[in-house]
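Below you'll find only one chain, the form predicted alone, shown as structure tokens.
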Amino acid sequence: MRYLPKSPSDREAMLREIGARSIDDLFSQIPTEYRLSRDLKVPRQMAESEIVEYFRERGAGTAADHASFLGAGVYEHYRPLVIEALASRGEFFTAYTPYQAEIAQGTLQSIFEFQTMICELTGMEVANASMYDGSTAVPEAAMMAARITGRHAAVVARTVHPEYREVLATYVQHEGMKVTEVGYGENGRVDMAAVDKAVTEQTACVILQSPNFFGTIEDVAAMAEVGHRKGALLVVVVAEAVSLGIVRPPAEADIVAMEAQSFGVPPGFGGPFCGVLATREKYVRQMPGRLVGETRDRHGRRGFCLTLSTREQHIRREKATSNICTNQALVALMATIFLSVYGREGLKELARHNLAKAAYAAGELRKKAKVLFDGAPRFHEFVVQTQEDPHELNRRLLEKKIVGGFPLKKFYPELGNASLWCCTEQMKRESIDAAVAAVRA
């Protein structure tokens, strides 16, 4: 769909057509006391050169040239240059929500390829055309489970990303859904016995993250058995998509809620992100968002069509499963290009690089501090408990152009001076050694 701005003459013509003389006339039904009669207090418009300079200055403050051990839901991976070249093409870059979907075959095909790759990665049968981000995919999955089961409660592990849990609480606060959180054991995995006790006949779903927020890989199959035995669905959250290059897909899940930012989407000024929702085919009509399918025309030629759309803009508002409004297809396109470039073997190799870097870093840090949750496998994040406050350690690391781990006290006060460290393939050995040297034993 092309963007065509309206000129002053266009606006005048539209006003004439509906019998209004001005914009004020158009809004005359709104009482005067509720109408703004002054200009908005916004900064003056900026020239292009000023805008470029503004963002360069802001970018200089983001430590872009620093080595970063910061993960916790946002990961720094290498982005092949081809992503920018292809995603910036005009036919993709200016495209908005395809309301007349079938005339935009290229956009539909890119979405179809995205859905196909997500299904192959997650072991699910259908995937939609992306969500806002991983955090909003989680409550959408919980509400979807409630519609499927007719139950209105959820059990969520405390090892799920804390901010994802906050978004879940915000979404369901007026849905009448009770959310029960369960803790974790000494190995950093969710307390299975506590989950078994918390799941009742009113539980629609059990929500589990793997690798979890501590970087530990959960026993998805065992958790599925616990939930299914009591009639609840299993929602598996994947915050680090690259882990699927080496970690077994959560095939026992009923719904997968994932963040695909790692697939070619750079850490930016708070976004964008690439949420994912995948599920079983039998649940497809309760899945929010849109689904693109493949078909054949009467001449047998391959084509793509908008197969399912349960948005309020396409069906009756009261029948909608979600109000996902903004098109995330451009971000999903970046993920699609990333996966196409790396391929099956490339993604596996990338995951191995991450695993090896993290194993080396954890081994070195263990000489100076305590690495928690050693009793279970992990991917590329791990928890380090130090003698000193992690904020103080991070201040010293910044002087060496290193961003340290994420302090956990805000969300997990029981862990004291613990922080979450992450190593991606971007981390150099000398940066790891410099960070370890800064830790006080």
Partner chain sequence: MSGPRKATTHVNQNEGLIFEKSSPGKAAWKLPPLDVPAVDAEKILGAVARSDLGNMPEVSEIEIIRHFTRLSTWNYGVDTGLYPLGSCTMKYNARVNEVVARLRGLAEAHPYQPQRLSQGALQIMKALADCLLEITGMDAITLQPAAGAHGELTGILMVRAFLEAQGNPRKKVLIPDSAHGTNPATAAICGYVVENLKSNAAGRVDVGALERQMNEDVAALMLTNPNTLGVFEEEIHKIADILHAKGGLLYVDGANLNALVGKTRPGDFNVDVMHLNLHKTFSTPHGGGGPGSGPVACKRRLEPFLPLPVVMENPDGSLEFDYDRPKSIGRVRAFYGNFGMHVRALAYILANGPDGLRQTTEDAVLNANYIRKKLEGVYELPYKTPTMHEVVFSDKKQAAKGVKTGDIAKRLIDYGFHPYTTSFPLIVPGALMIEPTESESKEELDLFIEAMRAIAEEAEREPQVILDAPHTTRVSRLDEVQAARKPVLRWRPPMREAAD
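Whichever C-alpha set is largest while still superposing within 1.5 Å between the two forms counts as the rigid core. Residue numbers count along the first chain shown, from 1. Given the structure is predicted, the values throughout are model-derived calculations rather than measurements.
The form predicted together with the partner chain is left out here; the points below concern that form.
| Even though the partner chain is not shown here, does it sit in the predicted complex so that V179, H228 and V371 each have a heavy atom within 4.5 Å? | Not one of the three qualifies.
| task | Answer yes if any heavy atom of Y171 is within 4.5 Å of a heavy atom of the partner chain in the predicted complex; otherwise answer no. | result | Within the cut-off, so yes.
| request: Check whether T336 has any heavy atom within 4.5 Å of a heavy atom of the partner chain in the predicted complex, and answer yes or no. | output: Yes, T336 sits close enough to the partner chain in the predicted complex that at least one of its heavy atoms falls within 4.5 Å.
| message | How about H66 - does it come within 4.5 Å of the partner chain in the predicted complex, if we only consider non-hydrogen atoms? | response | Looking in the predicted complex, residue contacts with the partner chain include H66, since a heavy atom lies within 4.5 Å.
| said: Would you classify A154 as touching the partner chain in the predicted complex, given a 4.5 Å non-hydrogen atom cut-off? | reply: Outside the cut-off, so no.
| the partner chain in the predicted complex: contacting segment from 229 to 237, 193 to 201, 179 to 187, 101 to 109, heavy atom within 4.5 Å | Stretch 101 to 109 is the one.
| Which residues within 333 to 353 place at least one heavy atom within 4.5 Å of the partner chain in the predicted complex? | Sequence-ordered list: L333, T336, I337, L339, S340, V341, Y342, G343, R344, E345, G346, L347, K348, E349, L350, R352, H353.
| field | Did G375 shift 2 Å or more between the shown form and the other one, C-alpha, core superposed | value | No, because once the rigid core is superposed, the C-alpha of G375 moves less than 2 Å between the shown form and the other one.
| said: After superposing the rigid core, is the C-alpha displacement of Q45 2 Å or more between the shown form and the other one? | reply: It does shift by 2 Å or more.
| query | Quick one: core overlaid, is E201 moving 2 Å or more at the Cα between the shown form and the other one? | reply | No; that C-alpha moves by less than 2 Å between the shown form and the other one.
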